[in-house]
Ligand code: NAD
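Below sits a lone chain in C-alpha cells, taken as the form predicted on its own.
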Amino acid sequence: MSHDPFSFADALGPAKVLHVQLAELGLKAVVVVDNTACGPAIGGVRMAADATAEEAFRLARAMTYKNAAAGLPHGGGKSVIVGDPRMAAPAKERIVRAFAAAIAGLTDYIPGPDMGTDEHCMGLIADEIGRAVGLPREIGGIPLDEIGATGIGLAAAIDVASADIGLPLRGARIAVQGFGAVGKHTAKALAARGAVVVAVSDTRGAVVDPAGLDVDALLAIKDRGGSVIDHRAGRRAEADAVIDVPCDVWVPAARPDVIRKDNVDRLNTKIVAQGANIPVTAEAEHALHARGVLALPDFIANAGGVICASVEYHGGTEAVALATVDEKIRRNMRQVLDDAKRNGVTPRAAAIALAEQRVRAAMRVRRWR
C-alpha cells in the first residue's frame, strides 16, 4: 500500500495525501486530493482487496482532468480502501464509517461512489461528516449508479465518435468488459439505439453470441445478483475471452490497465470507449492509435457520473443532471476529436491539453497553488 507520494508530484499536484490505518478495524486506505484550483475536489471511494496507493494517485489525476474537461467547478481527488467490497454488511458499515471519520478534516474533498461502494455507502459517509455525493434518493441525493449516469454519458460519447468515423450505431456490434454499474447501462443505452451487444463479461466469466444477446435478460440476471454466465443463450467463456470478440465498439468498464502491451493486439474493433478509469495503458493506447482504432479518453467519455454528482452537490434535479451529462459529454467529445485532427495528435493528447489549459487558468487566480 505504501508508495512515495513525491514520485507522482508535478506542477498540478497532488495537493494533499492522507494514509489511513486503523489496525483494530482492519482499515487501510489512501486519499489523494490532487488539485483544487477549480474548486473542492470530487472523486470516488474505491474498495478492492488489491487496491494500491499508486492507483489512488493515478485516479486522482484522472479526476482532475475529468472535472476540468467537463467544465465543473471542482478539482480532482480519489480514495482507495483495501478490502473485499462483498464483506458482510455490518463489517462494511464499520469500515466506511471509520474511513469517513478519518477524512473529516479534508474539507476540500467530497467523496462519491466508485467500484466497491454505492449510494448506501455515501449515505453513511454523509451521516458521519456531512458531505458526499451520489446519495440515496431518500436523503435528497441523485443515485448516479442506479440511474446509470456514467453509462448514459458513455453511450453519448460513443454516439459522437461513431458518427465521426462513419459507423452507424444501428447494427454496430458492442462488447462490454465489466457488466456492472457502468457497463450494463452503456449496453442498455446502445441497444436502445439499435446496436447489437455480442459479448459481455463480469468477474465470473463471459457470454458471447455474434447474433446478439438479450440485454434485458442480462439486466434482469444482474438485478437478481447473478452473473452474465447465467444467461441461457450464447457461448460461455472465461472472462478474459471478451477481449478476443470481433466487434465495432469495445467497452472496458472494469478495472485499470486491462488492455496492455501484452494483449492489445487481441482487440479487433474500431472504437475503444473507456468506461472504466485508466483501463488502457499509455503504450497500448498508442498501439491502438497506430492501428487506426479510435480510443476515447476515459476522463472525457466516462465523466457522466461526476457531472451528475456535481449537479446534485449544487442542488440540481435528476432531470437536470441527465440533460447536463448528455450536453457536456457530447460537446467535449466533439471538441477533443476535432482538436486531435486539427493538431495531428491522439485524442488523449488533445483531451489532456484541454483539461490542463482549464486547470492552469484556474490556478492563476488562486493565491496558493
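Nothing here was measured: the structure is a model prediction, and the numbers come from that model. Here, rigid core means the biggest group of C-alpha atoms that superpose within 1.5 Å across both forms. Residue numbers run from 1 along the displayed sequence.
There is another form of this protein, the form predicted in complex with nicotinamide-adenine-dinucleotide (NAD), and it is not shown here; the text below is about that form.
- Not displayed here, nicotinamide-adenine-dinucleotide (NAD) is approached by residue 275 to within 4.5 Å at the level of heavy atoms in the predicted bound form.
- Using a 4.5 angstroms limit between non-hydrogen atoms, residue 164 is distant from nicotinamide-adenine-dinucleotide (NAD) in the predicted bound form.
- When contacts are judged by a 4.5 Å heavy atom cut-off, residue 222 counts as touching nicotinamide-adenine-dinucleotide (NAD) in the predicted bound form.
- Mapping the unseen interface onto this chain, residue 64 falls outside it, with no heavy atom inside 4.5 Å of nicotinamide-adenine-dinucleotide (NAD) in the predicted bound form.
- Think of it this way: in the predicted bound form, nicotinamide-adenine-dinucleotide (NAD) has a heavy atom of just one of 263, 107, 268, 203 within 4.5 Å, and the residue is 203.
- None of 253, 80, 174, 158 but one reaches within 4.5 angstroms of nicotinamide-adenine-dinucleotide (NAD) in the predicted bound form through a heavy atom, and that residue is 253.
- Only one listed stretch (312-320, 326-334, 297-305, 28-36) carries heavy atoms within 4.5 Å of nicotinamide-adenine-dinucleotide (NAD) in the predicted bound form, and that stretch is 297-305.
- Heavy atoms closer than or equal to 4.5 Å to nicotinamide-adenine-dinucleotide (NAD) in the predicted bound form belong, across 167-182, to the residues 177, 178, 179, 180, 181, 182, ordered by sequence position.
- Residue displacement note: residue 336 has its CA displaced by under 2 Å between the shown form and the other one (rigid core superposed).
- Residue 55: CA moves 2 Å or more between the shown form and the other one after rigid-core fitting.
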